[in-house]
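To begin, one chain is listed below as structure tokens, in the form predicted on its own.
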């Protein structure tokens, strides 16, 4: 097992009037190569949880294991761990520091002591993965980029480090619909091409249902549901009690089924819905809808 969380609890500002128990007895397992989604309302503990995966936070109680070894406060071990497991926070473009696109993406590989040739190779490959043309963008000043381009540079900077695990906290936050589609499409391609273990934190049900193969639902610091998207989005009642909704396309199928239509409810994309509706019309079923 790549990442294993055992009875994890975490308290902010313990022993003070401002004490907050952010995580309560969390247990989860993440296998190498999985695309995992962590969903829940704002304040459910999602961001606190993922900061334990590479030792940014240490448990108040419980353990986090990587490859069967507990994450401890050892500076050398943590430095290596943070090269393997990289966390990209919301609005990562705010973490760009260098003057040009190339310099910013190359910063991490250079700090690893790699040769100039290897740095060039990693920067080129990372830019390709986020659809930034190397010759066109490498010398562009960062301040000359759009918000979406800056976010892609930030993701490329992480990819150039060649991590094993990439954790993305609301990677499309604040973007327009076109920008969201572009970023999420690139994330899907990164997972397929590089075989990275990807952990996506989101409150957008449409996004995680299409991308992740396994989901964890958080509520008030606990994991309350886990399973495939088909299992998690199998009904209204369970999600409603945790303040969540069904993906748009899935909700449509549920509505049709409630009205007597013979349709699948484990669908998450417009193309899948179209296929179901075509099949429905051929059967002549549900004519009143």
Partner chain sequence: MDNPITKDMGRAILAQELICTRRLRFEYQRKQRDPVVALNGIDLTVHAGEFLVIIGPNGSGKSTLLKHFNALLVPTSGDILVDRLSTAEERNHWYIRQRCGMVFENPDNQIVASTVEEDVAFGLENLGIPAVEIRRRVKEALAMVGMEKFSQHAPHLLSGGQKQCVAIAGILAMRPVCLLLDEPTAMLDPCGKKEVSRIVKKINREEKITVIWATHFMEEAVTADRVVVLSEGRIAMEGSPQEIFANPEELHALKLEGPPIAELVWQLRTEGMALPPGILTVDELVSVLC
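So that the term is clear: the rigid core is the largest set of C-alpha atoms that superpose within 1.5 Å between two forms. Residue numbers count along the first chain shown, from 1. Small disclaimer: the values here were computed from a predicted structure and weren't measured.
Heads up, the form predicted in complex with its partner chain isn't pictured, but that's what we're talking about next.
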For its partner chain, considered in the model of the complex: do all three of 83, 103 and 106 come within 4.5 Å of it, counting heavy atoms only? no
Just to confirm, with a 4.5 Å cut-off on non-hydrogen atoms, which of 195, 116, 177, 113 contacts its partner chain in the model of the complex? 177
Listed residue (217, 205, 165, 212) with a non-hydrogen atom within 4.5 angstroms of its partner chain in the model of the complex: 205
Note: its partner chain not shown here; in the model of the complex, the stretch from 224 to 232, 242 to 250, 22 to 30, 60 to 68 having heavy atoms within 4.5 Å of it is 242 to 250
Tell me, yes or no, whether residue 11 is in contact with its partner chain in the model of the complex, where a contact means a heavy atom of each within 4.5 Å. no
With a 4.5 Å heavy atom cut-off, would you call residue 181 a contact of its partner chain in the model of the complex? yes
Using heavy atoms and a 4.5 Å limit, would one call residue 147 a contact residue for its partner chain in the model of the complex? yes
With the partner left out of view, is residue 261 within 4.5 angstroms of its partner chain in the model of the complex by any non-hydrogen atom? yes
Aligned on the rigid core, do the two forms place the Cα of residue 182 2 Å or more apart, comparing between the shown form and the other one? yes
If we fit on the core, is the Cα of residue 140 displaced 2 Å or more between the shown form and the other one? yes
